[in-house]
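This document opens with one chain alone, in structure tokens, the form predicted on its own.
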């Protein structure tokens, strides 16, 4: 049972990647995280000049994160880091393109490659700027070129195909969602230290948005895709791969639980492959596309509760808005005439006693 994958000419130990963020922001941090079971690391977004973010700039938001982190050690320091860094994990240098023009971003990439970078990625919330940058970079660089896309791109198919024509080798998606705002109700003050308190949302809550994004990207273009945004465990990592991702990025969960989360996710993925008798993790890539093509949609199925499994917790009855579920002596039962087949009862049952027939 193998988790290893080929990605941009690298042979990765697993598809798990540390995405751009605080944990890959300098020499010591990169050395630290490289000791964990990570397949590939993206540096934090590299800016021309050093920058410091107003504090606080990262806050836990229930089971996700909000951040306004734009800090950076600066280009000169990064060149020194890249030239001296010696780790056993492939590294992609990520350039904060949104702070510079395309020609400057490409000049930065050229310098980073001279310093030893084996692959570069450009990050910008303006997709047209990314296309221009990739087109120019392709004439200057021989190393693999990536981009990280913002959420909610208009004309997605057109943008993706333009990036491929420009020469992009892989695509990561998506960046954090925002701007967003969270307020302390005791003081009325925003929780983040930015000028207006705004920031960006990442972590568990954005997983369904990212999954749809990855599904569409892998449908429109045939290049490796890295799914970033909402991955917290092996289940969400598998969903990304099934949606079409080659690799899976994490940053919020390692911040909340420490980089040891990569070791746990890798272990759980191996257990899943063994249980399902799957030879390689890549065998699952894009499987959802095939299933969607073959599935038959029905509006006639209704809920059914297995009395042998039902624990009488009552969760299904509480959420049944048509009032189709009622209690009897040994379990709950469904009035199939009243049931509308919404599926909410199945999703809240803690013991999987509810199915559809």
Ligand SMILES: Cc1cc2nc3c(=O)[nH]c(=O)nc-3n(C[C@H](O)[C@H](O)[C@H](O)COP(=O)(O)O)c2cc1C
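These numbers were taken from a predicted model, which means no experiment stands behind them. Residue numbers count along the first chain shown, from 1.
Form predicted in complex with this ligand: not shown, discussed below.
Using a 4.5 angstroms heavy atom cutoff to this ligand in the predicted bound form, all of 19, 202 and 230 count as contacting. Among heavy atoms of residue 175, some come within 4.5 Å of this ligand in the predicted bound form. Using a 4.5 angstroms threshold between heavy atoms, residue 217 stays clear of this ligand in the predicted bound form. Using a 4.5 angstroms threshold between heavy atoms, residue 250 counts as touching this ligand in the predicted bound form. Using a 4.5 angstroms threshold between heavy atoms, residue 91 stays clear of this ligand in the predicted bound form. The candidate stretches are 289-297, 42-50, 304-312, 319-327, and the one lying within 4.5 Å of this ligand in the predicted bound form by heavy atoms is 42-50. Comment: this ligand is not present in this chain, but in the predicted bound form one of 211, 100, 273, 255 has a heavy atom within 4.5 Å of it, namely 255. When you look in the predicted bound form, the only residue of 82, 206, 153, 131 with a non-hydrogen atom within 4.5 Å of this ligand is 206. Residues from 49-69 that approach this ligand in the predicted bound form with a non-hydrogen atom closer than or equal to 4.5 Å are 58, 65, 67, 69, in the order they occur in the chain.
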